[in-house]
Ligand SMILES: Cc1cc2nc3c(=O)[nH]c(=O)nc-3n(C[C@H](O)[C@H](O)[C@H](O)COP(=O)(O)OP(=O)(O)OC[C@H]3O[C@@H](n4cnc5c(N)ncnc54)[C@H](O)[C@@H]3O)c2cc1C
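What follows is a single chain, given as structure tokens, in the form predicted alone.
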Amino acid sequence: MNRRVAIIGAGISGVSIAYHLAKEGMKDIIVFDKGYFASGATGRCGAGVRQQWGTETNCILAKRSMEFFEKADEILEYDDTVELKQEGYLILATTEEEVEDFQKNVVLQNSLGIPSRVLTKEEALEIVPHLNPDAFISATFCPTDGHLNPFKMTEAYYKAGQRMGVDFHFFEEVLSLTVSDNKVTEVITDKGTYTVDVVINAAGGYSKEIGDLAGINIPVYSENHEILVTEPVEQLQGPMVMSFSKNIYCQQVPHGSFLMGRTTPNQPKGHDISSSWQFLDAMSQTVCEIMPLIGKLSLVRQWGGSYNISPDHQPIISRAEELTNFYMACGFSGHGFMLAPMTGEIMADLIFNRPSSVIDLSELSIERFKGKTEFDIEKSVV
């Protein structure tokens, strides 16, 4: 099918989509990015990959994505390694409500083949001994959750796409879209004008703005979420430690540093990705409460990155009903990296107009928000 496909955004979602389309024989694929691959939210993310979710949709997407990550070096014929570290996620319950919710979540996860389990406080301390036992009630653990190198994972997709003929246009910003007869006919950048048959919006934090160029109102917004990293030290912690109620995730990455992040309450909407002393102060207090040993480490740096958030905190992977050839993959609410393999696969299903073998596509459609003011929100987020 010799159609010209324009993908806007070369983060993990965009390069995954390009790879999956090229793998199925799609020709003449162009990926635009105003920076370079992984220069946006992907390169600033915490890079954790977990399957412990509270909704069936996210559980399925995460499990299938993890199955891809486990074989990514081989599948993508990568000349390096994506550095998958599978030492689990330990999720702490600090309230009785969380204890009850997590028990239900584990039942759901187990029914879908995810090997999570509920742990007592004592069992959790056997896995991560430096936890403050007074800071939590119980926990859940999934041994196949873990961490990836976001730059290498994106590069693996990028190189595989290149070998199959995908054309990457870096440092080229999309300025406008020409719409005629209910379809996008041209992509206009700061370097040229391109006639297109299909446009895919994978622009991460700028997905809403790209939607606006096409006349599509996408119900997402972006906000800054911050991360810090410590000095590298000897191996102290295998799994990612996470608490939704305490608003923290903390992972020791392969080279020894601890990487940790949290949501800043009442964060203004927008594209600011600066770092703040307020984040550092709040994070320091939380770390010292939950993991006092980690609180003694020196900070190396901190940074911000964009979360593109949907009304129900679940992704939008969909075609726009108003246009025949405009598709979007956005609203991942901070979890686009860990769901990227299935994002590419599902987008290929949409483009080729076939049922998905992964999930009911209507569950990810933008149409699910129309006429609604209340939504079933995924609570398993930081």
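Numbers for residues come from their place in the sequence shown, where the first is 1. In this text the structure is predicted, and so the values were computed from the model without any measurement.
From this point on, the text means the form predicted in complex with the ligand, which you will not see here.
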*Single option in 314, 42, 318, 52 placed near the ligand in the model of the complex, where near means a heavy atom within 4.5 Å*: 42
_Heavy atom within 4.5 Å of the ligand in the model of the complex - residue from 172, 123, 289, 155_ = 172
*Looking at the ligand in the model of the complex, is some heavy atom of each of 13, 32 and 227 within 4.5 Å of it?*
yes
*asked:* Only one of these stretches, 109-117, 72-80, 200-208, 126-134, has heavy atoms within 4.5 Å of the ligand in the model of the complex; which one is it?
replied: 200-208
*Would residue 88 count as a contact of the ligand in the model of the complex, using a 4.5 angstroms cut-off between non-hydrogen atoms?*
no
*asked:* Taking the ligand as it sits in the model of the complex, is residue 63 near enough to touch it, meaning that at least one heavy atom pair lies within 4.5 angstroms?
replied: no
_Residue-level contact is defined here as any heavy atom of the residue lying within 4.5 Å of the ligand in the model of the complex; does residue 332 satisfy this criterion?_
yes
*So in the model of the complex, does residue 140 come within 4.5 Å of the ligand, heavy atom to heavy atom?*
no
*Of 299-325, which residues get within 4.5 Å of the ligand in the model of the complex if you count heavy atoms?*
305, 306, 307
